[in-house]
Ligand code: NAP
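One chain comes next, on its own, written as structure tokens: the form predicted alone.
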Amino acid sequence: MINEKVGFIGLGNMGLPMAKNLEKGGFPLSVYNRTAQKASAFESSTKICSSIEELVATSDVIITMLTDDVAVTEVYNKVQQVTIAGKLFVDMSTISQQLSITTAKALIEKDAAFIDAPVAGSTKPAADGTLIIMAGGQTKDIERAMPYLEKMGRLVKHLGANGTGIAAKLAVNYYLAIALQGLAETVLFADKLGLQRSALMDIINEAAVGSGVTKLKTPSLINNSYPPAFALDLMLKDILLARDAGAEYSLGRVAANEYSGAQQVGLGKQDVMSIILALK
């Protein structure tokens, strides 16, 4: 069903480059964003819709990339005002598992299909089409979505039924929140000992403790500048979602407190690595 019409709702820092990759893939594409000017980057071949209802009515596969539970609830309430039988919905937002499962059930009752497919990766992988996509839903629905998912990600991992994709995302971001706080504390400790950050990060990145994310955050740490690739506000949202889903562990409690404190001192719109400024 590769000739299906694709709709994309949510053109934020992640959604915009993801939708652009679908456009580059040559799919018949429609887009919608609450702030209409975000759609100005698209070619004339892409249809810019004036409402969610219009996009859903004229699309076969609808992809959503939204900020939080409130935004997802608002969009999917409008979705259900349109005839949706036979359509496939792919929600790539990071939201609560409960809302994801509830949304899936509501759409399936109306003879539509739904998969949760949140992503690992920030703005650069989104632009490069190299995200890791964690998918929950029926196999036939994953297969139907695969041509579009493969344009946005380098790996699509089908984890099981509805809700398992978002479960993996919450677990991964729980780890990431703790890891980045640990990295920030390590850098501050090295500062106290008189080490240059560039030298420290060279060692970390070449050692067993290094990872993709330590390499990704190295320029920000060396320059002490934190433009948002993944905003601290969003990390706080995700670690609180993990807590509410049952991640009641000591490191998680500490991380939730520290990221909350960073948000309160005005760092929420900066990159998550700006946690180092609050800890300092």
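Numbering starts at 1 and runs along the sequence shown. Predicted model only: the values in this text are computed from it and were never measured.
There is another form of this protein, the form predicted in complex with the named molecule, and it is not shown here; the text below is about that form.
Please name which of the stretches 116-124, 196-204, 153-161, 140-148 has residues with heavy atoms lying within 4.5 Å of the named molecule in the model of the complex. Selected range: 116-124.
Would A57, K87 and T103 all count as contacting the named molecule in the model of the complex, using a 4.5 Å heavy atom cut-off? Answer is no for this spot.
Please tell me which of E74, E185, D128, D191 lies within 4.5 Å of the named molecule in the model of the complex, judged by heavy atoms. Comparing distances to the named molecule in the model of the complex, the residue within 4.5 Å is E74.
Verify the contact flag for G261: yes if a non-hydrogen atom of it lies within 4.5 Å of a non-hydrogen atom of the named molecule in the model of the complex, no if not. Judged by the heavy-atom cut-off of 4.5 Å, G261 is well away from the named molecule in the model of the complex.
is_contact(A19, the named molecule) in the model of the complex, heavy atom dist at most 4.5 Å: Outside the cut-off, so no.
Hey, in the model of the complex, does L221 get a heavy atom within 4.5 angstroms of the named molecule? L221: no, not in contact with the named molecule in the model of the complex.
Evaluate A229 for contact with the named molecule in the model of the complex, applying a 4.5 angstroms cut-off between non-hydrogen atoms, and reply yes or no. Result yes; A229 sits at the interface with the named molecule in the model of the complex.
If you look in the model of the complex, which residues in 227-255 sit within 4.5 Å of the named molecule (heavy atoms)? Stretch hits, in order: A229, F230, L234, K237, D238.
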